[in-house]
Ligand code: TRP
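First, one chain by itself in structure tokens, the form predicted alone.
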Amino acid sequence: MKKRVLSGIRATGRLHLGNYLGAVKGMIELQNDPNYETLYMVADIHTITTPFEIEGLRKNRREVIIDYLAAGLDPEKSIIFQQSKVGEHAELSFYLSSVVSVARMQHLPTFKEKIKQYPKNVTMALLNYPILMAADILVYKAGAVPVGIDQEPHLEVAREIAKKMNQIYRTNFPEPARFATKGEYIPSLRGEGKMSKSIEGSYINLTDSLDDIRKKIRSIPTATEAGGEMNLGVKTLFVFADLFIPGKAEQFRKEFESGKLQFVVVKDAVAEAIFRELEPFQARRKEIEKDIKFVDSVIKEGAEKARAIASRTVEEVKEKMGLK
């Protein structure tokens, strides 16, 4: 039997380089593997767990679908859908919340980090984020979730919920495991943490021009002189060098160690290589975004396919919990 895989990206803006290298490339690899059944969503309900703009959300959730398609996700091979169009996610989330304590959610390191980031927006939606994520996975009985290591605390919650539901109500949820993909951690251009849409100056959009990419790569905080211990910015620069110009990276390292490296030379070489990688994506995207009917059909049909699976799970859970 095929192993079912579920993954998604929040609708906080167009996809950036970190999304592409850390998630979408792995999603495409799984999509093209006959051993997997793949479901890929735009996590627009998750987007409202932190401050957002209404019109921005409406636009961004469609833009992410277009990005998915331009990157190579195929609606003939994967179910591609918007989370909010499958109401069973939110419904199952409420049922699952009955087996999780408030204390468990409050002690999650990810929740504590979000409190620091959004101290004036500590909502129940934010607290329940991991339960909704568990519902996203379990509503499709997905056994594998291709996400970064930073999401492991949330997957642990999903496993705990699956185990409790199975013990208390005799459901048959799998205990989902993280599916590691290559290049899963892409650093921020600011030299600290990972590339993120929520941190200005940390990311490269997949639609950025060569000039934009060059400016952003040049902004990586490197040292005034080469040699000695690498700071975080220099380490970040070499991560990109290893990814995009592996044939030149070792030579640049030797130049750094000898104190002869000109950082701008490395930065411009990296920027040009990134742009070359993104050019085919950008060309495909321009064609897809013009085909409004095609994008609309992908959104509509994806929701129908996802709902067909999700509704069966929710009906099973309601039966087991005595709600039918």
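Each residue number is its position in the shown sequence, starting from 1. These numbers were taken from a predicted model, which means no experiment stands behind them.
This protein has a second form, the form predicted together with tryptophan, left out of what is shown; the following refers to that one.
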Which of 43-51, 291-299, 251-259, 271-279 lies within 4.5 Å of tryptophan in the predicted complex, heavy atoms considered? The stretch 43-51
With the partner omitted here, the residue among V147, L96, V86, I220 that in the predicted complex has a heavy atom within 4.5 Å of tryptophan is V147
Among L237, L92, M133, I204, just one has a heavy atom within 4.5 Å of tryptophan in the predicted complex, namely M133
Review point. Does Y129 reach tryptophan in the predicted complex if we count a contact as any heavy atom within 4.5 Å?
Key: yes
Find out whether any non-hydrogen atom of V317 is located within 4.5 angstroms of tryptophan in the predicted complex, and reply yes or no.
-> no
Checklist entry - According to a 4.5 angstroms non-hydrogen atom cut-off, is I137 in contact with tryptophan in the predicted complex? => result yes
Given that the partner is absent here, does T171 sit within 4.5 Å of tryptophan in the predicted complex, heavy atoms only? no
